[in-house]
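Next up, C-alpha cells for two forms of one chain, structure 1 and then structure 2.
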Structure 1
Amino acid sequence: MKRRTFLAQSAAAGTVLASGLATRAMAADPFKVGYIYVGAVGDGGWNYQHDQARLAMEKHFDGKVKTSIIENVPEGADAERALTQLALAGNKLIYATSFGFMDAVIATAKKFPQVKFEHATGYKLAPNVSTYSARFYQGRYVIGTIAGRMTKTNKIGYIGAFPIPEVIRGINAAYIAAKKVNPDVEMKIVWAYTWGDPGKEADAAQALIDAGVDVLMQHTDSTAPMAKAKAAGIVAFGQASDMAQYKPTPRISAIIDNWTPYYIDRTKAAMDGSWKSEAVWYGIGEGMVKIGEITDAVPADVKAEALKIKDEIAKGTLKPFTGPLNKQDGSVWLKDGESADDGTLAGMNFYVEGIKSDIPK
C-alpha cells in the first residue's frame, strides 16, 4: 500500500491539471460535471427530476459538458466517498442532490478547494460550496388556493413525508391559501414516514379519502395517491413531476421541480469562471418551481384566480407568509403586513393557527 498522504496527492493532481489546462486548448475537453443521488434515478420522483434536469443541461451544452452520476448513495461515509470519487475523476462541478449529504459535501469541499460543489436543500456554505433549494411553498400556496375553492366537504387531505421544516412549510402555505378563499376549510394531515413507498402512500391516501377529504395534496413521490384519488372520484395535485398521465382528473394541477435552468446557469458560471458561493432559494419567479397545467376540471374563474396569484408571487408582490398570522397556539407570529424572513421559514417547526393536529415529536 502506498503511504502517500491524501492532501499532497490531490494538491499535486490539482497542479498537474492546472498546468495541463494552460497548455491545452480548453474547448477540446468537455467540462466535467458530477451528480450524486440518494436514491435510484428510476424512482419517478425527486431523484428522477434531478436526473431529467441533468440530461437536459448536458444536451443544452451540446458536447461541451460531460456529466457522470453515482446513484443510490447512502448518506454518511458512502456519500463522502462518492463525492471524492467524482472529484478525483476530474469533475469540476459537483451537484449533491439530497439534504443528508450536507456534512459530506462540506468535508469533501475542504479537500478539493478547486472543485465547486452545489448542495441541494442544505444550509452550510463554504467558499466552494453553494446551496440551492426551491420555494416549493409558493407553489403550494397556488394549489392551496385551488384546493380551497374545489373542496365541497371543506376537508383537504395532505400526505407528508417526514415532519421536517420543508414539509411543514408546505402544509402551512397550502392551509393559509385555502383558508383565505374558504374560511371553513379543514386540513387533515397524515405522515407516511417515507419519501417513496408506493404501497404506504396508497394507504395514506385511502385513509384520508375515507376520512372525508375530497381534495388531496401530497409531499411524497409516487403516483399511488393519484390512483386512489381517481378511484374515489376526487381531485389531487401532481408532486415533483407533472404526473400528466392522470390528467384531466384526478390531477388538476401539479407542482413541478424544475432544476434545468439552474443547472444550466451554474454550470455555465463554473465554466466561464463567474461561479460564486451563494445560498440560492428560488421560487416561481425564477422558474425553479413550476405550476403544471391547470386542467379544465377546474372552473375557469378558479383557474384565473390561481394564475393571478401565481403571477403575483412570481413578481414578488404577494408573499405567502404575510401577517396577520398566528401560530397554532394562538400566539402572534407575524403582524399585519409583516412577511416571514427566510431564517424562520428555513427552520419552520410549527403549524399556523387553525390546523388542528400536532406535529409529531
Structure 2
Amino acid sequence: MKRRTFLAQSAAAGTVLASGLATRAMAADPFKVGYIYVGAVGDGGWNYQHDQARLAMEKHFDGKVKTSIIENVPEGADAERALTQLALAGNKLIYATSFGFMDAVIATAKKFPQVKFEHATGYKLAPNVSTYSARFYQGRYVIGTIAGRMTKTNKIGYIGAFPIPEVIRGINAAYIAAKKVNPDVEMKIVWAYTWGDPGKEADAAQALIDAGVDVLMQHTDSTAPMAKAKAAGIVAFGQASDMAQYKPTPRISAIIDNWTPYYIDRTKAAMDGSWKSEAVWYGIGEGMVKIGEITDAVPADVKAEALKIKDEIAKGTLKPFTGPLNKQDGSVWLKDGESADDGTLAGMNFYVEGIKSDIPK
C-alpha cells in the first residue's frame, strides 16, 4: 500500500472516529430546562411546590435533563430579562410560574422561536407558548365546606393576593361551599397585593383575626398567615403545599398543587418532538389539585363529608359553580341546575351573592 493512500485512509478513519465520539458526546448532553419563580423556593408554598416538582422531574429523567432556576423575579420587565437569560444559556424549554409573567413570556418567545415556553395560570398562547393551570377552585370548595362547619364565630377570613379571576374564583367557591353547610357564615376578605411577602401576609392575617375570624384561608404563597393563626389559636388551611409543619393545628387540611406529572409529560414532549402549544386546565380528577390530610382536629363526620365532595368533584358529578346562583348585586347568574362553563370561570370578575366586600378596581 502506498504511504499516501495509507495516510489518507488513516485520516479518514480518524475523522470518522472523531465524528462518532463527537456525536456520542452531543447525544449525552442533557436537555436544558429553565424555571423562573416570582418568589423564593423556601416560601413553603407556591414557589416551593413548583421547585419540588422541578426536582422530581429532573430525577425522573436520570441525568438526561438539567434544570436551572432564577428566584425572586419581579413581574414585568425583570421577568423578560430573566427569561432572556435562560434562553441565551441554552435552555430549550422554560417554565414561567406566575400569572404576572404573561406579557414577558410572549415577548421573549417572539425573540426565541426555537425555545418552548410554558406559562402557569396565563391565557396567552403562541406557536411556542403553552399555558397550564389548575382548577384550584375545586380544592377551595372542599376546604370551604370544612371551614363552614368549623367556624364558631361564623366569620371566615380570606387573604387574597391580587383581584384577578383566579383568586376571585377561589373566594367564590369557598364561600358557596361554606354557605351551603352554614347559612350564617360571613366571608371577610383582605387583599395583600402580593403573591409572597411574609410581612404583608402576616399583617393581612392579623387584620382578619382582629375582625373576629376563627378560620383563615389564603391565596398567597408563604406560611406567615399560618404562624399568625397558630398564635391566635384559630384554624387555617395550607396553600399550594401541605404546610405540614403546622399540623395538627392550626393547619387542618391543605390544597396541594401537584405539578410533577405535568412537568414530566411536557418535558418529555419537548425532548421527543411531540410538544405543541395548548392550554391545559386540570383539577382534582386529573390529580393536579390534591387535598392534604384532614387532621383529627376536624370532626369525623365533617371529614367524611369533605372527602365525599372531593370524590364527587373528581368524578364530575359535582361542579362547584352550579345554580341557582346569583351575582353579588342579586341578578341571576346561573339558573337551577345550570353550571358555569370554562370561559365564564376563566374570566370571573364578580362576587356571588352574599359576599359583602367589594372587589378592588
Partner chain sequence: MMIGGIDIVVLIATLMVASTPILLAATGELVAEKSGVLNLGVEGMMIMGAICGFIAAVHTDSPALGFLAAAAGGIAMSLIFALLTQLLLSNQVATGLALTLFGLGLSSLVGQGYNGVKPPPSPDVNLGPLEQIPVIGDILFRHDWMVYVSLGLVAATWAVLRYTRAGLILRAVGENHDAAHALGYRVRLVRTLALAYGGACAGLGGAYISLVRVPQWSDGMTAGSGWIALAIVVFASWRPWRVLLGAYIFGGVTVLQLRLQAAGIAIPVQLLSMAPYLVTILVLVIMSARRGRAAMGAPASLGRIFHASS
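Worth saying up front: this structure is predicted, and the values here are computed from it rather than measured. For numbering, take structure 1's sequence and count from 1. Take the two forms, superpose them, and find the largest set of C-alpha atoms that agree within 1.5 Å; that set is the rigid core.
Here the chain coming from the form predicted together with the partner chain is structure 1, while structure 2 comes from the other form. Of the residues V213, I256, M226, T220, the one at the hinge where one rigid part turns against the other between structure 1 and structure 2 is I256. Hinge angle between structure 1 and structure 2, smaller rigid part versus larger, from C-alpha superposition: 14 degrees.
Relative to the superposed core, K268 has its Cα moved 3.7 Å between structure 1 and structure 2. Lined up on the core, A87 has its CA atom moved by 5.6 Å between structure 1 and structure 2.
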